[in-house]
Every structure is written in C-alpha cells, then in structure tokens.
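Only one chain is shown below, in structure tokens, and it's the form predicted alone.
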C-alpha cells in the first residue's frame, strides 16, 4: 500500500471570495476552488463560508488519497498572527476581534496558522517562488492597493506588535494627497491602480491630443482605469507610456528608501499593476542608485512574483510549510 501524500490546505480570505487549495512540499498547487465570502453578515455566516470552502477541498484531498497536515490562512488585516485573531479588517467588517484560528482548530483538529495576505505571499515566494534561495526578501504586491511583506532568513518579520511590513503606507511626500490610511503621500495613494487611473483621467481632461486610452474607454474619461492604461501602453500609446513612466519614478523613490532601510538581497513584485510595469523593471533598477546611499543598489535583483493570482492560496500554505516533508 502506497504512503499517503502529505499536503497543506491554503485558504485565501477576501472581501468577496474564499479561495482554497491543496499544496505539496514543493509548493505545487494540486487542486483549488473558491466560494463566495459573506463579509457583511454575521460573524458565524462568514465563518461558514470559510468552512464550506475548506470542506470542499478536504473532500478533494480524501478522493485523491492525500492527507491534510495543517491549514494555513491568509486574510485581510489588521490581524494578530500570534493569537490568530482577526482584529478589524475593512474588507471583512463582520469580524471584529474574531478568534478565527481557535474556531478553525476546534472544528478540524489540525494545526492552523494565520497571517495577512502580503506577509503570506512573501513567504510563499521565499519558500517556493521567485525569491527561493534568498535570505533578505522584500515583497510587494501592487494592485488596487500596495501590500508588502518582509522575510528575513526564512521567517516573516512581524515586528513588536505584529504590524511590521506596512510598506504601502510609507510616505514619500508629506504634503502629498491624503491616503485612505489617514497619512499623506503614501506610495499606495501615488502608485497603486486607482492612482494610475486618476492620473490618466487628469491628463485626458487637460490634453487635446488623441490617446488610445480614450478609444478603449469609448470616449468616456470617467471610466478610465489603470487596466486601460496598460492596454494602451502595450499598443504603443505615448500618453500611456508617460503615465506609467511617472509611476515608475515614484516607485523608484520608494524602493530606494526600502533598499536603504533593509538592504534586501532580492526585490519581488506581484499584482496586476506590477505585471503592467514589468517592461520597466530594468529602468527601476537603473534608477535605484539615484535614490539610495547603498552603493550596490543596482545589484539587487528585481523580479516578478511566481504565484500571481494564486499568491493567497500559496501564501496560506507557506505559513505551514514546515509541516510538510
């Protein structure tokens, strides 16, 4: 009789969905699925959405002859990774001081770990992905917002209270626009997807020159979002290039600060905006020495994340990867 394959169940909780997957010791996603998340109802209804997704994947594991060793969960913050309590996430308003790890442990009698999505994704990239083999990893996901995670010698750096790694809310302009976090000039308000869309709308409103961005928006400036800027850039549109170039400039300033603070041996970027900016990665690297005192800044690799849209599932599993042999 063959030995049962050991896997970890990764859970990615968002405001609208719960994604789940079975991950082996090499970081390969063997099976995955998703269910709707009930983020605005009762705490118990939200928990049932999560357990329903877990149960569906547990059935898949049983059917394939795999044994689930542990459950790793990535969820929106703020949360406490030490106690396993969800504190007060804006994306899941029904959970306030909710003991998620304790509840899942009681139901499944397995080891359970919890962390925020960027920390977990950073660990997955370090264990199995684009940062494998590196010791001092800075990871950022750039999409609707900017999340970051720091992994030092294979461990997520949480800081004193568990709140370290909020790199998206590092300000590079204290007189800049007001971020949703309450601070001014955060890199998130300057370089995330909504900022790119807003910059495009402003330029389209001020310029009479034709741009493919407007064609893609069917003439409706108000509907322009970062995705259309990316599509127009890929087709060679000069205004789209100008907008992305400005985004590259502010990201270079920010990453220069990160390099001087952490001296990482790799920079990993994931998320939809990062994919759009991949053609500019070499330019960002070349700009770093202008924004760093570190004389070897340009030697630091800047690489695209491996897991893409599956970062949450892989990240959840990475929290428990030591349980796999």
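Owing to the predicted nature of the structure, the values given are computational and were not obtained by experimental measurement. Positions refer to the first chain, counted from 1.
There is also a form predicted in complex with a small molecule; it is not shown, and the following applies to it.
Chemist: In the predicted complex, does residue 273 come within 4.5 Å of the small molecule, counting heavy atoms only?
Modeler: Although the small molecule is absent here, residue 273 would touch it in the predicted complex, with heavy atoms inside 4.5 Å.
Chemist: Flag residue 225 as yes or no: does it have a non-hydrogen atom within 4.5 angstroms of any non-hydrogen atom of the small molecule in the predicted complex?
Modeler: Within the cut-off, so yes.
Chemist: Does at least one non-hydrogen atom of residue 168 fall within 4.5 angstroms of the small molecule in the predicted complex?
Modeler: Residue-level check for residue 168: no, no contact with the small molecule.
Chemist: Please run the contact check for residue 89 against the small molecule in the predicted complex: heavy atoms, 4.5 angstroms, yes or no?
Modeler: No - in the predicted complex, heavy atoms of residue 89 and the small molecule never come within 4.5 Å of each other.
Chemist: Out of 92-100, 76-84, 192-200, 176-184, where are the residues with a heavy atom within 4.5 Å of the small molecule in the predicted complex?
Modeler: That would be 192-200.
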